[in-house]
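Just one chain follows, in the form predicted alone, and it is written as C-alpha cells.
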C-alpha cells in the first residue's frame, strides 16, 4: 500500500505531466480561461488516463511484448508485436475519449459546448499518450501500479489546469501591461508554477 501511495503522490507532484514534462500544453493553455471548463476537462483527463493506462498495460503485457502471448500457446512464445503498440494505445485512447464525449454531451451540454473541439482532441493529447508510454517505459510490475500511475497523472493534470484557470480569472482584474495580456502573462505564470512544482522534487518517497 505504501508503494501505491508513493507512486500516486509522485505522479501528481514530482512527475507532473504539465510542469515536469510539458505534455498537453495545447489544451492546458487554450481551455484554462475559466475554472468551470478547466474542471470539466481535468475530470475528463482523469477518467481517460485512469482507464487507458491499465487497459494498455494489459495489452502490452499479454499481447504485444516479446513472449507475451505464451499464455495462449507455447508456439507463440517468440511472437513480438511491440511495433503495434502506438496504434493499439491510440485506438484504446480514442475509444475512451469517444465514451467521455458521449457522456458529457448527454449530461452536461453546456460544458460540452464550452469545451468545444478540445474535448475530442483529448484523443491526440500528448499527455494521454504519454501516460501509456511512460507506463511502457517504466515497466510497472502489476496492473495496480499502472492504474495508480494513470489516476495520479490525471489528478496532476487536473490540479495544473484548474490552478492556472483560477489565476487567469483573478488576473483579469489586475493591471497587466498590454503586451503581456493573454497568452504572454499565462506563459510567465506557467513557468512560475513549474518552478514551484520543482520544489516537490526534494520529497523523499
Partner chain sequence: MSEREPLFSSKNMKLLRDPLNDSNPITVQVLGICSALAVTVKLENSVVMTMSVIAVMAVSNVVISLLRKTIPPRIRIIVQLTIIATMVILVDEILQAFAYEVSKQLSVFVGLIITNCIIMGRLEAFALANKPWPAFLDGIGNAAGYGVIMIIVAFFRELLGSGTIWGFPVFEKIGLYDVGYVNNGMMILPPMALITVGIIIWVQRSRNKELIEDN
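Whichever C-alpha set is largest while still superposing within 1.5 Å between the two forms counts as the rigid core. Positions refer to the first chain, counted from 1. What you see is a predicted model, and the numbers here were worked out from it, not measured in a lab.
Only in words, not in the display: the form predicted in complex with its partner chain, which the text now covers.
The three residues 46, 144 and 148 each lack any heavy atom within 4.5 Å of its partner chain in the model of the complex.
Of the heavy atoms in residue 63, none are within 4.5 Å of its partner chain in the model of the complex. Using a 4.5 angstroms limit between non-hydrogen atoms, residue 139 is distant from its partner chain in the model of the complex. In the model of the complex, residue 107 stays away from its partner chain, with no heavy atom inside 4.5 Å. Using a 4.5 angstroms limit between non-hydrogen atoms, residue 26 touches its partner chain in the model of the complex. Site annotation in the model of the complex: the residue of 72, 79, 133, 99 reaching within 4.5 Å of its partner chain with a heavy atom is 133.
Within 4.5 angstroms of its partner chain in the model of the complex, the stretch 178 to 199 places a non-hydrogen atom from each of 178, 179, 180, 181, 182, 183, 184, 187, 188, 190, 191, 192, 194, 195, 198, taken in sequence order. Relative to the superposed core, residue 87 undergoes a Cα shift smaller than 2 Å between this form and the one not shown.
Once both forms are fitted on their core, the CA shift for residue 133 between this form and the one not shown remains under 2 Å.
Superposition on the rigid core between this form and the one not shown places the CA atom of residue 99 2 Å or more away from its counterpart.
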